[in-house]
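Only one chain is shown below, in structure tokens, and it's the form predicted alone.
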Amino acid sequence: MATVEHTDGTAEAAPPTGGEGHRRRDFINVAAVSFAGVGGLAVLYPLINQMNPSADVLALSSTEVDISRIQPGQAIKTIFRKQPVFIRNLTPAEIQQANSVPVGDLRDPQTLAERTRDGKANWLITMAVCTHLGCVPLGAAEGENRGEYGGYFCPCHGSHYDTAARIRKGPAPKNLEVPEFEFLSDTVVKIG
């Protein structure tokens, strides 16, 4: 073990050689790893952030529609999140027709009650996008082909939907989707 003699004649053990060099090397390693970690986060943040919805989508996260002018038997087409939506005021005959279908006979079994709100069974709100390949079905406007079951007809590949917008015939695998919606009053519905 090395010793160091002082001018007054006393001696003590010398510090181990390279000790200060080890501390500097450790500091440089820690600093480099920290810098790399911060750099990695700086690179990943924009990649992850770009997966968030854009401002225009967030702005259209819900829409309110005045339904006071839709007469029984009529339907309108509106837009929600850049997608078309059907809002139909079902007649008592259309409601009866939808309720008379045995649910077990349906490809995508759902009752009309599952697709509407309590006390508002006459208001059917669905996305106006065929579940086969995304075409917009006919049946909302006056005089349009409503298909064999009186609901909607997709002219692209021949899917037929009934008065509850349930798939009855054709290649579509599912019923027209029912978006989230709530009635703000008797005349205004909020979709989304």
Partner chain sequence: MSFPWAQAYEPKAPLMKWLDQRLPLPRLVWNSVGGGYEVPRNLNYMWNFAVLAGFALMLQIVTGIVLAMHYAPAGDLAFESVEHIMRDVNQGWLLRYAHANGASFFFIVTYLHIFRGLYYGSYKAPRELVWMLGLVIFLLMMATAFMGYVLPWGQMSFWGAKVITSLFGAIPLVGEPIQAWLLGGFAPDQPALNRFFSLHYLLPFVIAGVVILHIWALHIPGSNNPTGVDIKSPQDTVPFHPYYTAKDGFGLGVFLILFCATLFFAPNYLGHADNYIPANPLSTPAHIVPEWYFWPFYAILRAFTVDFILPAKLWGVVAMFASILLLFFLPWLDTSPVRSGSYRPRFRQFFWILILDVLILGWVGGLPAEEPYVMISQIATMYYFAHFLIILPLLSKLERTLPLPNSIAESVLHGEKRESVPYGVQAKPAE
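Just so we're on the same page, rigid core means the largest C-alpha set that superposes within 1.5 Å between forms. Just so it is clear, the structure is predicted and the values come from calculations on it, not from any experiment. Numbering follows the first chain given and starts at 1.
What comes next is about the form predicted in complex with the partner chain, which is not displayed.
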Check your understanding: With the partner left out here, if you bring back the partner chain in the predicted bound form, are Ile48, Asn52 and Gly134 all within 4.5 Å of it by some heavy atom?
Key -> yes
Review point. Does the partner chain get within 4.5 angstroms of any non-hydrogen atom of Gly39 in the predicted bound form?
Key: no
Review point. Can any non-hydrogen atom of Pro179 be found within 4.5 angstroms of the partner chain in the predicted bound form?
Key: no
Exercise for review: Please run the contact check for Lys77 against the partner chain in the predicted bound form: heavy atoms, 4.5 angstroms, yes or no?
Suggested key: yes
Check your understanding: With a 4.5 Å heavy atom cut-off, would you call His157 a contact of the partner chain in the predicted bound form?
Key -> yes
Check your understanding: Can you pick the one in Gln83, Thr116, Asn89, Gln97 that has a heavy atom within 4.5 Å of the partner chain in the predicted bound form?
Key -> Gln83
Review point. Among Val65, Ala140, Val129, Ile70, which has at least one heavy atom within 4.5 Å of the partner chain in the predicted bound form?
Key: Val129
**Study point:** Large Cα shift (2 Å or above) at Ala141 between the shown form and the other one, core-fitted
**Key:** no
